[in-house]
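As a starting point, one isolated chain is supplied in structure tokens, in the form predicted on its own.
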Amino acid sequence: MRKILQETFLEMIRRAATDLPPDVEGAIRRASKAEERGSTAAGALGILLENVAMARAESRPMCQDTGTNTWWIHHPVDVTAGTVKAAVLWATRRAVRLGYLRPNAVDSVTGENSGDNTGVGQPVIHLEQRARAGMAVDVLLKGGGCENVSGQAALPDFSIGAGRDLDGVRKAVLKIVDFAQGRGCAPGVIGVCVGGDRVTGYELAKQQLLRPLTDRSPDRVLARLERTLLKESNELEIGPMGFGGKTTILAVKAVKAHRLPASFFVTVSYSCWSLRRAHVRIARGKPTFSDTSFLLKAGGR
């Protein structure tokens, strides 16, 4: 099992880093056709698509910032957490040597680079044990630029007239998108968590980035919120890379979490256009790769 996990996790990193998922590429292609022909926005999206094709053909990273690799792993009782973590670390170090990842893990006090993309808190590994056999694994490579423009609001926010209601949620999210102004390598995809505490809000918002861009939340209220936020985010006309245009956000994915009465957080996890993720199920020692997460159903866990 150790060898299977190592090789499978390495292949997951390669796929995520070098092969943009079809739902994301399709969204960029549709956005490109929607922009005015000959415009800077259309030109920027065309360059992104050329980059995607080159990365896929050469098995090379789509971006110089290969991101923090974050893992969500459901494993059976007979596969220990230690075994899984060791396989993730092996695959991460091997991916650096093969050029799928750059050595991006830097000591925040000394400034020293670990050289292999591992370190305190790197990579990020979420483990959950389950009773049934087999494993389900997701990996997300999220760059630092888009992480920088993610954000969290505490409602009410009187500066934008946002109360503790869905209209306040809408205003808070649009403020964060407007603040990004293309700096997160727009067009982006945003995961939104309504509620929770400060930590779980960010965790659940980021987890929404695993969802297919074409799905809808099964919660009718959240589905309507997703549509509204997508429409109004694009009406900001920030556009690809902030050059202006019709496409600022490719998709919005929202989830809700219970909260304490004293707190009302709204959290946005912003992903750049290069939404790099991979999914696999391992059953009876055989990995099955998929374009869709095995872990995350639309709208939540």
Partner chain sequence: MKHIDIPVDEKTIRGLGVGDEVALHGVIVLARDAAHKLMIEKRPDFIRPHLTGGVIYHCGPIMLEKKGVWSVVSAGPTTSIREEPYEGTVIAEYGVRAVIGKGGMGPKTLAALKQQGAVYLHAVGGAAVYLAGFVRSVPGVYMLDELGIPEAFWLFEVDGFPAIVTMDARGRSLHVKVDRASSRAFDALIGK
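Since this is a predicted model, take the numbers as computed values, not measurements. Residue numbers count along the first chain shown, from 1.
Another form, the form predicted together with its partner chain, is not on view; read the next lines as being about it.
Stretch-level contact check against its partner chain in the predicted bound form with heavy atoms at 4.5 Å: of 188-196, 208-216, 143-151, 130-138, the positive one is 143-151.
Using a 4.5 angstroms limit between non-hydrogen atoms, residue 171 touches its partner chain in the predicted bound form. In the predicted bound form, its partner chain sits within 4.5 Å of a heavy atom belonging to residue 60.
At the 4.5 Å threshold, heavy atoms of residue 238 reach its partner chain in the predicted bound form. For residue 97, a non-hydrogen atom is located within 4.5 Å of its partner chain in the predicted bound form, even though that partner is not displayed.
Listed residues 76, 156, 119, 103 were compared with its partner chain in the predicted bound form; 103 is the one with a heavy atom within 4.5 Å. Out of the listed residues 227, 85, 93, 175, 175 is the one that sits within 4.5 Å of its partner chain in the predicted bound form by at least one heavy atom. Using a 4.5 Å cut-off on any heavy atom, the residues of 38-77 that reach its partner chain in the predicted bound form are, in sequence order, 40, 44, 47, 48, 50, 51, 54, 55, 58, 60, 61, 62, 63, 64, 66.
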